[in-house]
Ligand SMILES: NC(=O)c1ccc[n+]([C@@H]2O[C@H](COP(=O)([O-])OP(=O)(O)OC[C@H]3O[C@@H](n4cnc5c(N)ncnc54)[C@H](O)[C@@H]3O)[C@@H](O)[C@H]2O)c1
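Here's a solo chain for you in structure tokens, the form predicted alone.
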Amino acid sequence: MKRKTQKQLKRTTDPTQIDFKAKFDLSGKTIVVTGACGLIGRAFCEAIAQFKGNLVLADIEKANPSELADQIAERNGVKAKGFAVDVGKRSSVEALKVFVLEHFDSIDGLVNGHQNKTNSFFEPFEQYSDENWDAVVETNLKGTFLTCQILGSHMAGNGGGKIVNIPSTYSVVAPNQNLYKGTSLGCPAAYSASKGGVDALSRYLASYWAEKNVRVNMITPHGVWNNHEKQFEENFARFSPMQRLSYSHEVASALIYLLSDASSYVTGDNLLVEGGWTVW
């Protein structure tokens, strides 16, 4: 396989020499998205395809990533493939890497959009089981470790690439428990702990791989609307400076910046798309 060479940026003080629109173009790039069939994952994939990036949609088998890949490819005129993966299993992520390189010339980007919410995800802390804790941490944190190690190492050894991980507002601040009063929702400690690990891992890798031209950044969404119950929406509006939930397409717009050359001097950053939730 032909090794990628690091792209040299134009050395200039004259902004008229720069095509700023072209900086966002993803043509010819192959981006792997885990959790591709989820609420935010679908928006991620659609945005990448609209900017002409090729895609590997990776998700659990029952999500049927191949079907979504075919739809995105037909709608946007790009190459897209689906792959069933268990990100918590090394052998499965190794198989994902083999699949990508069989169908595409390179791996240019990795977006870790996977997460695990078990059937008893909202158990109170005092009763939270080992099984629940292990399942959440295995997917959210170990899964991100494995995809970064296996796919990120390939990029580091082949000219570079971009990694975007998804921690959480609750890896930045603690949950406001009043947000969940009168609702069936909550935020377990396992989620905060696993996402905090994603944040720390991302910062480590940003430094570790900087000289290899691998930029590692994060997007932190918050309160992404998904037909939430009315009481939750009302609670959220009271605590958010923008007084509303966000939408998945608002998160996806940030992704294009971090995957593209528009963010060529950005690494180790956590781009907060949370409506000012952590400002006050």
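In this text, residue numbers run from 1 along the sequence as written. Because the structure is a prediction, the values reported are computed rather than measured.
Unshown form predicted together with the ligand; subsequent notes refer to it.
Distance check, Tyr191 to the ligand in the model of the complex, heavy atom within 4.5 Å: So Tyr191 counts as contacting the ligand.
May I ask you to check whether Lys81 falls inside a 4.5 Å heavy atom distance of the ligand in the model of the complex? Because no heavy atom of Lys81 falls inside 4.5 Å of the ligand in the model of the complex, the answer is no.
Taking 4.5 angstroms as the cut-off for heavy atoms, does Thr139 touch the ligand in the model of the complex? Yes - in the model of the complex, heavy atoms of Thr139 and the ligand come within 4.5 Å of each other.
Would Asp86 count as a contact of the ligand in the model of the complex, using a 4.5 angstroms cut-off between non-hydrogen atoms? Within the cut-off, so yes.
The ligand isn't shown here, but in the model of the complex, which of 124-132, 203-211, 101-109, 167-175 has heavy atoms within 4.5 Å of it? It is 167-175 that comes within 4.5 Å of the partner.
Looking at the ligand in the model of the complex, which residues in 35-61 have at least one heavy atom within 4.5 Å of it? Contacting residues: Gly35, Cys37, Gly38, Leu39, Ile40, Gly41, Asp59, Ile60.
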